[in-house]
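Quick setup: one chain, the form predicted alone, written in structure tokens, and binding and motion questions come after.
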């Protein structure tokens, strides 16, 4: 490895080499077992004599920082490498703004439960991998057209057009290619919209319970975030603060309760937004998976005042690792959103964009969604039947006709808190999640008694076994 060293006056060069190398070892920048540059090569790089370097190396070895292996070179000693950078000895520690205090990045390295009813995770086995490899290869063959220079921030024109056609047909969204901004996942879409529309101190209304990363994002941008209750008809519009500048909602499959916002409530929300001069972010995160009952139009297709920003993602329909989402915005916001996208990351990866455009244009994506929908429908039905057969003494499933998870509640006569159930289930190898994870008010009745059962990550053949094990857990607890 090349080592960056700076040298002072002639008489201080040996000491300078020693001090900088020993500091790099102590602070972990040079790891245990890592080879130092050969003394001859380092001397040539620094423009000093080999003796100058050799004397410094001898001192490092004498003090136990390094070991020399005959014929191999000089290496950092195991005993002296800390592997962890020390805090700077002088000056104050740099700290982030208070809004970031206590916030952490959730680990993605969790061991899956034997029976994983986790939510928000599509089945990677359903991903059309062969077709995706072919489309990526096709895009890479374009060479300089994609890889030389920067692309237009809102996205490749052919992907924006393909997305507009797709959501127009599958979700009745009214959009042309110019209305679509391609983003790095739905989370960036929320970020761009908020940066363009909301200032510090502005009030944003979110569903309670709801999607925690969005709430955290709004708070990090300085907004005042207010939770609004969700009932069996969706977000309770009458409880939205009059000063709200923006409302975030998941009307087609409320996260996490699965409630579908009624048409009456949708129209009420649109009317409120126009009267209050507010904006609605509609997160349609997984409703492409639909299981009957008659689909309701998105808010965006009902909106005649240009108040709705529609956000979609391919993380649930394909796989999260692709990091492709999109935002459909009214014409008045096209330019500000394009500028915000450029300032954020300039543009989303062009090879991935091009491959996805091909997947959409060739009908491969639509065929994948139809196939996945059949698979998920079978798993959903298996869970509903299993809960009725094995768990009806304890649980009621809330009706839901879309998405990748179901919401269940402990019956009123069951003297348990849902956290006790989820903890005991985890110990038994059954992965389920409490609604309290998604509620700002963890003591609400809904948070204390509700949990979610996902069916994206569990094979249908495992569902019955998992529910029986959950039955055994509930039997022991009661």
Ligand SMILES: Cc1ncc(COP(=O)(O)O)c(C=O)c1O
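Quick caveat: nothing in here was measured; it's all calculated off a predicted structure. Numbering follows the first chain given and starts at 1.
Another form, the form predicted in complex with the ligand, is not on view; read the next lines as being about it.
Judged by heavy atoms within 4.5 Å of the ligand in the predicted complex, the contact stretch among the candidates 282-290, 386-394, 366-374, 342-350 is 282-290.
Checked against the ligand in the predicted complex, the residues 195, 215, 307, 323 give one hit for a heavy atom within 4.5 Å, which is 323. Residue in contact with the ligand in the predicted complex (any heavy atom within 4.5 Å), chosen from 174, 316, 358, 166: 316. Not displayed here, the ligand is approached by residue 255 to within 4.5 Å at the level of heavy atoms in the predicted complex.
Looking at residue 224, you'd find every heavy atom of it more than 4.5 angstroms from the ligand in the predicted complex.
When contacts are judged by a 4.5 Å heavy atom cut-off, residue 187 counts as touching the ligand in the predicted complex.
In the predicted complex, none of the heavy atoms of residue 128 sits within 4.5 Å of a heavy atom of the ligand. The single residue of 192-212 lying near the ligand in the predicted complex is 211, the criterion being any heavy atom within 4.5 Å.
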